[in-house]
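The chain below stands alone and is given in C-alpha cells; this is the form predicted alone.
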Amino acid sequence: MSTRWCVVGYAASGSVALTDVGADGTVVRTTDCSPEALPEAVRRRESQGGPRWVWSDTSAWYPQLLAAGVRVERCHDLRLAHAILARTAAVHAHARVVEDARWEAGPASAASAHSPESGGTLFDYMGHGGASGVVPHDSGSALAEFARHRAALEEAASHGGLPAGRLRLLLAAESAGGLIAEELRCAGIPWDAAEHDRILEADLGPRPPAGAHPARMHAVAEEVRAALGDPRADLDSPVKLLRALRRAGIPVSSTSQWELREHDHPAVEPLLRYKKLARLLTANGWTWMDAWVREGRYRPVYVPGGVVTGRWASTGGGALQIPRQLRPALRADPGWRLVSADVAQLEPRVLAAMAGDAAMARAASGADLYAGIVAAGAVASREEAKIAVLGAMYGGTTGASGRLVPRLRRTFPDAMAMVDRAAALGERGDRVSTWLGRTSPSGRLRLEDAETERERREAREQGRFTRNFIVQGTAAEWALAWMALLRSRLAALPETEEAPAEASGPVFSRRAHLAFFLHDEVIVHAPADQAEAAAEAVRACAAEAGRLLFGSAPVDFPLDLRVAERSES
C-alpha cells in the first residue's frame, strides 16, 4: 500500500514517530528516529516525492527543519485545520472534531520563542481557548485527531451543504499558510537599518537618550501645550490629555483623531501631528529596530488564521502595521531584487466572483474597479464608487453610504443580494460561511427578539459583521491560494550561482522566495536574473488562484507589480 500521509509525533520514548498512512486511512508502518535525526529523515523522504506531512503545529515542527536546510512541499496542520473543522457549518457532527479539547490551544511555543516580545497567543485573536493551553505533540493524539479530520471531511462531502472539494481546498490552503508563515520568518524581509534610522531622524529628530522624547516630537508637544495654555499638559496619557482639552474649551469625549478633527481650535493640528509622531516612535522607532532587525533582516511572527475571518495576525513585530513611510527601508540584497505586487480592490472583485454578478464582473474587468462602477452608471465619481462599495461591504446606512448603496443595488443586484442576505442571517443570530467553508460565530441576539435599543444595536452590528465576513474571509482564502501557488512556482526556479543572500538562511539563500505578506500584497526576494521570471509567476498565480476558487467566473485580479532594489513608500 502506498503512503499518502506521514503523521509526525513524539513516541513515549522521546523519539519522533513517523507513521505512514495510506489513502484509505490505514496505518502502513511506523518508524522512529531521534529528534536530531528528524531533518535528515524528512529530507530523504522529500527527495523521493514526499508524502503530505501531518503534524500538530507547523510552528512547532517546521523551524528546526528550515534551520537544517530542509523545505517540505505539503503538510496538514492539525491545529489550523481543527480551528476550521470545529466550527464549519459544512460538518453537522462537528462535536466529534472537538473531542480532544487540547486542540483548542493557541500556537505552539515555537513561534513565540522566535519573538523578542512576550505574551500574545492565538487566544488574543480567535477569542477561544482550550483547557490545557497546549497543543499535543504525541503520535497517538496526532493520529486520533487526523482520523477525526478525515471523518469530518467525509461527512461534509456526503452532506452536500458545500460543493465537494471546497473544504479540502481550504484546509490545504490554511496548512500551506502555516508553512509560508514559518518560511517568511526564517527568510525574513531585507531591511536597511541605516535607511530606517534616516527616516526616523527626518521625522523625529536625532535618537534621544532612553526614556526621552526626540527633539522634533518635543517641539511639537510644546506647540500643543502653548495652544492649550497648559505648559504641563501630559500628551501621552489619554485621560490627562482629555482633561487638558476640556479645560481649553474643546468639548471632546475622546482623544481620537476623528473626533479631534471636528473641532476648530489651534491645538488640534499640532496635536494630530504629535500623535502621528508618537505612533511612529512607539510602533516602529529605534526600540523596535533594536528588537526586530538583525543582520539585515526583519523577521516577523505571523499567525495564520489569527483573525476570525481567516485573515492573518501577527504576535511580534507588527508586520501587518508597517507604515508606508518606512517602506524605503525594505531593500534587496546586492544582486537581488524585490518583486512587489498588490491586488487592486480585492474584496469587491471577490464579491463579484462569489455572487456571479455579470454586471459587476464587467465593471471589474479593468485595473480600476471603481472607475468601472462609474462607467456602469451606478454613481457619478470614483470617490462615490469607493464610498458605495465600502458601505455595501461594511453595512454603511447613513451619510453618503446610505445615499449611494441603493444605487449599487439597482446596478449590481446579485452582488448586493449576497451581502444583504448575509447581513439578514447575522441579524437573526445565524451563522454564515465563506466560499470555501470557514464559518462565522453565532450571534448572541436575534433582531426580532431584541427588546432594548442596545440589543437592537448589537443585533444590527452582528449583521454588519456577517455581511463583511463572507467577503473578507473569501478574500483571505484567495490570498492564501495565491501564496500557496506562488510558493510552489518559485521553488521550481533554479538556484542562483552568484551573490547568495546568506541572511535568508540555507533554504532560501540561492532561490527566489516569498519575503513579506500583507493581506492583499506579497513581496518576493529574487536574484536579479530571475526577477522577471518571479514577476511572471506572481501574475500567473494570481490568475490561477481566481480559477481555483471561482472556476470560470469572469473576474480578473489585476496587480500593481513593481521590480526594484527598494520597496516604494
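As the structure is a computational prediction, the values presented were derived from the model and not from experiment. Numbers for residues come from their place in the sequence shown, where the first is 1. Under this definition, the rigid core comprises the largest set of C-alpha atoms superposing within 1.5 Å between the forms.
In what follows, reference is made to the form predicted in complex with the DNA, a form of this protein that is not presented.
Every residue in the set Thr282, Thr397 and Ser401 has a non-hydrogen atom no more than 4.5 Å from the DNA in the predicted bound form.
None of the heavy atoms of Thr411 is located within 4.5 Å of the DNA in the predicted bound form.
At the 4.5 Å threshold, heavy atoms of Ala424 stay clear of the DNA in the predicted bound form, well away from it. Contact annotation: Gln472 falls within 4.5 Å of the DNA in the predicted bound form, judged by heavy atom distances. Among heavy atoms of His519, some come within 4.5 Å of the DNA in the predicted bound form. Proximity to the DNA in the predicted bound form, defined as a heavy atom within 4.5 Å, singles out one entry of Ser256, Thr452, Ser442, Ser158, which is Ser256. Distance criterion of 4.5 Å from any heavy atom to the DNA in the predicted bound form singles out Ser314 from the list Ser433, Thr496, Ser314, Ser139. Heavy atoms within 4.5 Å of the DNA in the predicted bound form map, among the stretches 300-308, 72-80, 144-152, 349-357, onto 300-308 alone. Relative to the superposed core, Leu245 shifts its CA atom by 2 Å or more between the shown form and the other one. The Cα position of Leu390 differs by less than 2 Å between the shown form and the other one after fitting on the rigid core. After superposition on the rigid core, displacement of the C-alpha of Leu272 between the shown form and the other one amounts to 2 Å or more.
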